[in-house]
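Form predicted on its own, single chain, as structure tokens, below.
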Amino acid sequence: MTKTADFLIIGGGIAGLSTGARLAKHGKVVLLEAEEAIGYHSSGRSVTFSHFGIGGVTVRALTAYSRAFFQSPPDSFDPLAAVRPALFIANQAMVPALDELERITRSHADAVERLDAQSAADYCPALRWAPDAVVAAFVHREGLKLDQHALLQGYARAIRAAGGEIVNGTRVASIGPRWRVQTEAGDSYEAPILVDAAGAWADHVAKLAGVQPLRLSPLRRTIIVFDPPSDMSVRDWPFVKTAVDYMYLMPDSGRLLASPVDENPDEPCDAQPDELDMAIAAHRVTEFTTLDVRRITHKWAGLRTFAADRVPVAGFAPDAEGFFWLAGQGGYGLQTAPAMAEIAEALVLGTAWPQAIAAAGVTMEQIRPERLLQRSST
């Protein structure tokens, strides 16, 4: 027997869940997730810090717009964010990038301050302020440490509260006409609108559906966790990131986590950390701090999937009626989820482009999949 819905979503990461919660107000939502738990791959492996140090103009506008949701979430959500400073640092070569990032951050936020060596040390005493290390810094005092578990579960509750269904451990085997999805277990689902929110597998889902893929790029990101010196409390340290994508560091349950901000091409998979990338992460920590990474206590990797222009994608496929792309969230899917879900809701329903989204500086042309298909055909 085929189960029917108004909206069938493939992918239980932040993209599928947040959009599913919006669409569930307008019809029956069924969300299919291949893994046994939601947010298993990218969404559940993010450090989930909302800041303006990643992405281009469009991503930063989506980030700025989404802050209000995190700071004052709906009553059905647990608290989603804690205010924590974001400290951006630079060696001599990175100073121009730091200056530009400070300008961009000031255009979106208050509480931004340039720091000297002493004031930077007040935030993070382990910074190695030296000619060959940190020579400049600024802080955004109102960065947001997001709780990805609370965010994912809040959206899942909203789907179920509206009568929607989330089916875990369900891998798609085939996709036929009228968006009839057959699973590997033999179950069948059908809906007039199919939302492809499958993350690193989004192009694979499109191929199953006979839709032209977007040539998305899954890139592996590595995280290590290590102990700070026994006489040093790191609980109140900020999120620390180089002005360019080279290293970031932040406290995590009494320990420190760090990343070399690596982007290694990979296949859609259960990503695992590479020994060399872990060593690079540890080395880069020592370049910019006085910390000694003697033992890595935990490590993981996740896939961050990008479109060619590194802007998220939302919109109906021009070559397949009812097939809706929701992909390419990269490393900013969590911090832009409220904005992207509102955009997806409007595009799926065919309503007007949200005025508040337009006021934030995001246009339909920046988001829709046609931009990528036109590029791939030239």
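None of the values given here were measured: they were computed from a predicted structure. Don't overthink the numbering: it's just position in the shown sequence, from 1.
The next section is about a form of this same protein that is not shown, the form predicted together with a small molecule.
A.B. asks: Is there any non-hydrogen atom of Arg171 lying within 4.5 Å of the small molecule in the predicted bound form?
C.D. replies: Yes - in the predicted bound form, heavy atoms of Arg171 and the small molecule come within 4.5 Å of each other.
A.B. asks: Is Ser43 one of the residues lying within 4.5 Å of the small molecule in the predicted bound form, judged by heavy atom distances?
C.D. replies: Taking the distances in the predicted bound form, the answer for Ser43 is yes, it comes within 4.5 Å of the small molecule.
A.B. asks: If you check in the predicted bound form, is Pro218 within 4.5 Å of the small molecule, heavy atoms only?
C.D. replies: Because no heavy atom of Pro218 falls inside 4.5 Å of the small molecule in the predicted bound form, the answer is no.
A.B. asks: Would Gly20 count as a contact of the small molecule in the predicted bound form, using a 4.5 angstroms cut-off between non-hydrogen atoms?
C.D. replies: Contact check for Gly20: no, nothing within 4.5 Å of the small molecule in the predicted bound form.
A.B. asks: Within 4.5 Å of the small molecule in the predicted bound form - does that hold for a heavy atom of every one of Tyr65, Tyr123 and Val240?
C.D. replies: Result no, not one residue of the spot touches the small molecule.
A.B. asks: By the heavy atom within 4.5 Å rule, which residue out of Val47, Ala61, Val311, Val30 makes contact with the small molecule in the predicted bound form?
C.D. replies: After the contact test, the surviving option is Val47.
A.B. asks: Let me know the one among Ala191, Val261, Leu303, Ala156 whose heavy atoms come within 4.5 Å of the small molecule in the predicted bound form, would you?
C.D. replies: By the 4.5 Å criterion, the partner-contacting residue is Leu303.
A.B. asks: For the interface check, one of 303-311, 133-141, 79-87, 276-284 should have non-hydrogen atoms within 4.5 Å of the small molecule in the predicted bound form; which one?
C.D. replies: Of the stretches listed, the one contacting the partner is 303-311.
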